[in-house]
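Presented as C-alpha cells, the chain that follows is alone, the form predicted on its own.
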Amino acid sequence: MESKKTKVGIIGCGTIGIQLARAIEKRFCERAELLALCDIDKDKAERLKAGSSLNPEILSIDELIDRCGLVIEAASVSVSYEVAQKALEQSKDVMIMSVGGILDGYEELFALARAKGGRIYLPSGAIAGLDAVKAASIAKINKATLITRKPPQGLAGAPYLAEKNIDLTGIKGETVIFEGRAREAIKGFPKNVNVCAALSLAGIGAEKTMVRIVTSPDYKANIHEIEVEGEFGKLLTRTENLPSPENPRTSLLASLSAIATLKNILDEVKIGT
C-alpha cells in the first residue's frame, strides 16, 4: 500500500525556505508533498515556484494553513507567533525557524498544542548541544550562557545598535557589543541571535539564560559557544558556522538543521534526544 504523503506548506521563501523546498523535491518526495508557498514578497514565492518541479500553489498564510498538514515558518520573528497559533488552532503540526518570535508567548502556544493535538518543532539552528541541554533540564541546570561571535556585517541593522548609537564601522578589534539576558538579546538582535531562544526553551528559560555578543572585523565566521552547568556536570560546545552560499547572513547549518528536522518528522526512526 502506498503511504500517504505529508502535505507541506512553507511560509517564507528566502534562503531556508528555498533549501527546504529543494529537500522535499530531491530527498523527501516519496513521503512529502510541497503543496503551497507564501511570502510577503510575492516575487520570491513566484521565483521559488518557477524553480520547482513540484508546482506548489502560492497562497496566503490562512489559505496555506487550511490546506497543509505540516506548516513551516521560515519568514521572520514578526510572523512566527501568528503562524504557530493559527496552525495549532487547527490541530496542524508546525515547524518554527524564527524561534525568537514565540519566546514571550511560548507557554500559551505549548498549552494550545496540548489542547488541540498539534505538534511544534523548533530546530536547533546554527548551534550544537540542544540534545544534551534537554536531557540536563530533566534534572537541574544552574547556569546557561551563549557566547556569539560575529563579524560587524553580521550584526548590521540590529535595533540594539541604533538604540545605543553603536557604530560598527569604528570597531578595530574584538569588542563585546552586548551582555545580558536572552530575552533582551532577542529584542535587541532579532535576526542575529535567534539561537538563544532555542537554547532558552531547551534549558532554563529566557530570564536565566545569559548571552554575550562579541564582534571583530577579524572574524571570518559566525561562532556560537554554549556553556551549561548543572547536576549532570558541565557542557561546552563551539560551532564555527560557514555562511550559506545563497545568503552570507544565514549560516549553512541553520538550513541543514531545518532539513534534518523535516527528516525527523517524516522518518519512522528518531536518533538523539
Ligand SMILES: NC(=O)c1ccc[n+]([C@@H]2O[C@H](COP(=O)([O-])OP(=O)(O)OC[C@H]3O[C@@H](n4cnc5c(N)ncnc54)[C@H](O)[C@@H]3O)[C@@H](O)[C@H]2O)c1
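Owing to the predicted nature of the structure, the values given are computational and were not obtained by experimental measurement. Start at 1 with the first residue shown and count on from there.
There is another form of this protein, the form predicted together with the ligand, and it is not shown here; the text below is about that form.
The ligand is not drawn, but in the predicted bound form it has no heavy atom within 4.5 Å of residue 24. The ligand is not shown here, and in the predicted bound form it never comes within 4.5 Å of any heavy atom of residue 225. In the predicted bound form, at least one heavy atom of residue 75 sits within 4.5 Å of a heavy atom of the ligand. The closest non-hydrogen atom of residue 44 lies within 4.5 Å of the ligand in the predicted bound form. Each of 16, 40 and 195 places at least one heavy atom within 4.5 Å of the ligand in the predicted bound form. Proximity to the ligand in the predicted bound form, taken as a non-hydrogen atom within 4.5 angstroms, holds for one residue of 128, 109, 79, 168, which is 79. This chain is drawn without the ligand; in the predicted bound form, the residue among 177, 99, 155, 201 with a heavy atom within 4.5 Å of it is 99. Remark: of stretches 159 to 167, 139 to 147, 120 to 128, 85 to 93, the one touching the ligand in the predicted bound form is 120 to 128 (heavy atom within 4.5 Å). Scanning 144 to 160 for heavy atoms within 4.5 Å of the ligand in the predicted bound form gives no residues at all.
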